[in-house]
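Heads up, the chain below is alone and in the form predicted on its own; it's given as structure tokens.
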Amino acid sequence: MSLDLETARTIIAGARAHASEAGFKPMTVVVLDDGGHVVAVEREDGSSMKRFEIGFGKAHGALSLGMGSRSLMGRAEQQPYFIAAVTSAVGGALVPVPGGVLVRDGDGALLGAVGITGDTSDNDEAAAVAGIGAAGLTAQVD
């Protein structure tokens, strides 16, 4: 199974619905396949500039190191030189705060990642998890 456009759109719709119901600020949702390619992006009206780059960095960083961006934040706190070096190695596309979540199928196979930005990092992550769940897939935040 791959993370196709229809599935990406379902993830985005689920994430946006969760954010709207929870009263979050305008969100930008970026969905990447397992090769780091953009499958779909939506930026809600009122989102501030550079939100695509932040969402992409959350998702891309999660894929690059095989862990959710919440775990990347922990690594950044414990090993700041390592995260700085990896950020440079991946061309700057690594944002080590919650909101970048890996997407897995029912068998645990990696399908891609979702990066969300717009509200607090914890809320961004919650919206990503909700969107992934709406598509019947498994979210990996750690």
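This is a predicted model, so every value here is computed, not measured. Residues carry their position along the shown sequence, with the first being 1.
Heads up, the form predicted in complex with another copy of the chain isn't pictured, but that's what we're talking about next.
Though the partner is left out of this view, Pro96 does reach within 4.5 Å of another copy of the chain in the model of the complex, counting heavy atoms only. Taking non-hydrogen atoms only, Thr10 never approaches another copy of the chain to within 4.5 angstroms in the model of the complex. Under a 4.5 angstroms non-hydrogen atom cutoff, another copy of the chain in the model of the complex has Ser121 among its neighbouring residues. With a 4.5 Å cutoff on heavy atoms, Glu77 counts as touching another copy of the chain in the model of the complex.
Contacts with another copy of the chain in the model of the complex, taken as any heavy atom within 4.5 Å, map within 19 to 50 to Asp33, His37, Val38, Val39, Ala40, Val41, Glu42, Arg43, Glu44, Asp45, Gly46, Ser47, Ser48, Met49, Lys50.
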